[in-house]
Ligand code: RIB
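Presented below, as structure tokens, is a lone chain in the form predicted alone.
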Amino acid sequence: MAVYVIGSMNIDMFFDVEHFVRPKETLMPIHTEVLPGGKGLNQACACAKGKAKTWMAGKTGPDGQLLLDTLHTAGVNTSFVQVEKNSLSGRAIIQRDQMAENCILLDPGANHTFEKEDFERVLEHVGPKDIVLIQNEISNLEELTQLLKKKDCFVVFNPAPVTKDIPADLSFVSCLVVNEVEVEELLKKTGVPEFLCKEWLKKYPESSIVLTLSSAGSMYADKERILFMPAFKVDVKDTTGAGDTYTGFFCAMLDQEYTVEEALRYASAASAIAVTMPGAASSIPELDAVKEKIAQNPDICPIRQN
């Protein structure tokens, strides 16, 4: 069993600001730093730190050594990472305000050089007990999804960002991991979390959904049950990468045959720790720290909603 992450790898440029830059305004940042990121890389690092056997399939430019080093340090196998000599690595320009919120400008770079052959090379190694984790920050997502429809494996899809490139038919998805804004855009409906989960299952009854609710917690639903996972209380410093940490740890626990309830607890605890530190990949905690957080809060666990 293993997790194969097919996704983006970015160099994140952080700018701490008093407020987000307004039109016609020039603003001097309070602090700047350069860190590894990209939803694919972040989630792969989280999977590996959750002790799942993890492969990363991604692309960088010649400037991407920081990204490769980060993956190696986290314990991710980079056999499927390719260096595109004629492209720069993806870059994210991230503003963080004093309320710990962020806004992001993203240049995909090498992430948008994926072709069908790249996906085929990875998927031929994927077995029926493996997890394939994908997002929406790479090119030719439609080609990838068509291949996944023919593949016998567990597919976790984090459709971020929600764009016109996301296929209309998501029947290939075993588990959808989304926030409220994303699922509302996918469903073209609004409502409370439980309603949104049920609407997803009406459309794809053989699938499941994890709905992250920021500081309110998260929710899981399949055709048999709905579970609400309360959030762990922490002092928030930076929310960048919290969702990726959650997704990666959730997949890591499932891959190691933890129950859904256990996977939700580990994912929630890991993302809670992540928001207490700056950065995306750099804020992902080790498994021991997550276990300690859970042990310190034994009463925080999934609650059945029906």
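Because the structure is a prediction, the values reported are computed rather than measured. Heads up: residue numbers just count along the shown sequence, starting at 1.
One more form of this protein exists, namely the form predicted together with alpha-D-ribofuranose (RIB); it is left out here, but the text below deals with it.
Enquirer: Between the options 58, 64, 241, 50, which residue brings a heavy atom to within 4.5 Å of alpha-D-ribofuranose (RIB) in the model of the complex?
Expert: Going through each option in turn, the one that passes is 241.
Enquirer: Looking at 175, 92, 227, 141, which has any heavy atom no more than 4.5 Å from alpha-D-ribofuranose (RIB) in the model of the complex?
Expert: Of 175, 92, 227, 141, the residue with a heavy atom within 4.5 Å of alpha-D-ribofuranose (RIB) in the model of the complex is 92.
Enquirer: Is the gap between residue 248 and alpha-D-ribofuranose (RIB) in the model of the complex 4.5 Å or less for some heavy atom pair?
Expert: Because no heavy atom of residue 248 falls inside 4.5 Å of alpha-D-ribofuranose (RIB) in the model of the complex, the answer is no.
Enquirer: Within a 4.5 Å heavy atom cut-off, is residue 118 in contact with alpha-D-ribofuranose (RIB) in the model of the complex?
Expert: Residue 118: no contact with alpha-D-ribofuranose (RIB) in the model of the complex.
Enquirer: With a cut-off of 4.5 Å between heavy atoms, is residue 186 one of the residues that contacts alpha-D-ribofuranose (RIB) in the model of the complex?
Expert: No, residue 186 sits far enough from alpha-D-ribofuranose (RIB) in the model of the complex that none of its heavy atoms falls within 4.5 Å.
Enquirer: Please run the contact check for residue 45 against alpha-D-ribofuranose (RIB) in the model of the complex: heavy atoms, 4.5 angstroms, yes or no?
Expert: Residue 45 lies outside the contact set for alpha-D-ribofuranose (RIB).
Enquirer: Quick one: find which of 101-109, 125-133, 199-207, 162-170 has residues within 4.5 Å of alpha-D-ribofuranose (RIB) in the model of the complex by heavy atom distance.
Expert: Stretch 101-109 is the one.
Enquirer: Using the arrangement in the model of the complex, list in sequence order the residues of 25-50 with any heavy atom within 4.5 angstroms of alpha-D-ribofuranose (RIB).
Expert: Counting only heavy atoms within 4.5 Å of alpha-D-ribofuranose (RIB) in the model of the complex, the contacting residues of 25-50 are 37, 38, 39, 42.
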